[in-house]
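The data below hold one chain only, encoded as structure tokens and taken in the form predicted on its own.
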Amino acid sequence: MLLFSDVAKVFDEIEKLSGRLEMTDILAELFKKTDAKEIDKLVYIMQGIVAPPYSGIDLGIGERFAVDAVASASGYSVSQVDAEYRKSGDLGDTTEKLLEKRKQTALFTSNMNVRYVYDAVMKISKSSGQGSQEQKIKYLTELLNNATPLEGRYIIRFVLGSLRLGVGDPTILDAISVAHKGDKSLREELERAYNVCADMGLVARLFYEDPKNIEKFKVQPFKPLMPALAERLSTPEQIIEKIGKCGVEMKYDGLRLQCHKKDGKVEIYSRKLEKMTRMFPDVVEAIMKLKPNEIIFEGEALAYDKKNKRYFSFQQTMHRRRKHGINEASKEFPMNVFVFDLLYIDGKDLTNVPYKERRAVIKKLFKGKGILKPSESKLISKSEKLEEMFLKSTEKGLEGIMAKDLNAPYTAGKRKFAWIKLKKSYGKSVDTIDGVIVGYYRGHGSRTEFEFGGLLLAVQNSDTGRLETIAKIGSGFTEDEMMKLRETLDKIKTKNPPTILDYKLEADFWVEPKYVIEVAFDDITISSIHTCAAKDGKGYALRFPRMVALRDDKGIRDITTSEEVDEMHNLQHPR
């Protein structure tokens, strides 16, 4: 069995590295020591989760509970732990320091293996009901009583969801391949399996049991797929030149839902693959009435304004995500779900079937099904017709259009030219990207009272999994938004920059890379202070960036990639 002390030593070593190749080799050596009964648990711990997002199981422990457990295990008072925490800015580092000079020692301690630590954290996550808070503290205290100071550092970071190793999913997949094959040649197969089930722990366990299991991975209900992603081009002419005759759909700015049904049970997942079933009783009812016994489909959900015969904005549609008053919300913001892809039906995996065939089934199955409707789509082979549909979409208050390669499969988790988006901002001087907030700045002048002056934004390098800065944003905020942003970001402040961030520009305050925003800008320029797609010490930056909206529906996997920014720059400034 793999000792958690060995894992902690590897984590400590990785924390000091920035090179992905070195990380991969170190992890591969650790994976060689791991067996099929514990590899899934080790992978989850590296991802900073106890189960995949769709399971609905969260780590579920607050900072105050963690402080109580550290105090109990170390023999120091809560006020002493708090004081040390204020100095270090990292409760993991504080735990390590206090355990090194703990005032009390448990009567009985034992070496902990990975399975023991994981199972204990799972018990913490599942504790609920009366007395659950005390139970969580008790379980965590027991872990810390058995922990070495270094183990304590990572246990606390893990339960707080702030492991910050800088190890992305691509690196973990590469390391599994290197551990078994000596190179990265198995990465593509492992990644496909992961994209089909969104559960890397499961993929790793089945692979360890028998590498041939990866070839047999199938789409199945209640294991959501990683959403397919679109590339972008800036004109209808470029789209027709790229993929020729295509299916063109209206691009709805709503909530992307992945809907699953089997044997009378329905689950609805967000684009971040979190369960949202209970928030949409009207949609669940409509899905239950569908004829197939088993089905997985994707749709864009928009709240409809019956009075003005227009769709509500994305922000208004988001009211349907509330936890309380769901029935009232469903009446105030009635939902329409525009079905744009079909992935599975009655035992048949459709992800490898050409889009035109999937579309034909959608039209037949969802026509006249009330709030479930086929997305509006046309076959187009000329750029002028594509332009007409684009204008029709924007006149309806929609985002634009999505052009789809008629012969392409569904590329789960991949950004391919199988789908190409054309948004209403394209072709003009204003465009938008989605990025993750990695830091923020103090307010000066008129903003002093808000204690907020702007944001540091990053995009993601899809090859390395690392974040790269692209903009310092100082406009686009209302006074109310500035106050709310500062309050929200204060809760996730960190002493050090995110481990997975490549940066040159310092922030006044660093934060966990958690919140995604949509940002408008006028142009993409070469910059010596940003690291996006950097070459020869210079990266890309956004010119005149301003915040458009906070995108609660999106996670890091959904943000714009550095490669996308490079392509956008080339479209704006042809070489």
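Rigid core: the largest C-alpha set superposing within 1.5 Å between the two forms. Please read these numbers as outputs of a predicted model, since none were measured by experiment. Sequential numbering from 1, following the sequence displayed.
From this point on, the text means the form predicted in complex with adenosine-5'-triphosphate (ATP), which you will not see here.
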item: Distance check, K251 to adenosine-5'-triphosphate (ATP) in the predicted bound form, heavy atom within 4.5 Å; value: yes
item: Exercise: A408 in contact with adenosine-5'-triphosphate (ATP) in the predicted bound form, heavy atom 4.5 Å; value: no
item: Distance check, F340 to adenosine-5'-triphosphate (ATP) in the predicted bound form, heavy atom within 4.5 Å; value: yes
item: 4.5 Å heavy atom contact, K493 and adenosine-5'-triphosphate (ATP) in the predicted bound form; value: no
item: Stretch in contact in the predicted bound form with adenosine-5'-triphosphate (ATP), which is absent here, among 485-493, 185-193, 398-406, 459-467 (heavy atoms within 4.5 Å); value: 398-406
item: Residue among E267, D199, D434, D502 with a heavy atom within 4.5 Å of adenosine-5'-triphosphate (ATP) in the predicted bound form; value: D434
item: One residue of M276, I345, I287, L229 in contact with adenosine-5'-triphosphate (ATP), assessed in the predicted bound form (non-hydrogen atom, 4.5 angstroms); value: L229
item: Residues of stretch 539-556 in contact with adenosine-5'-triphosphate (ATP) in the predicted bound form (4.5 Å, non-hydrogen atom); value: R551, K554
item: Post core alignment: R557 C-alpha displaced by 2 Å or more between the shown form and the other one; value: yes
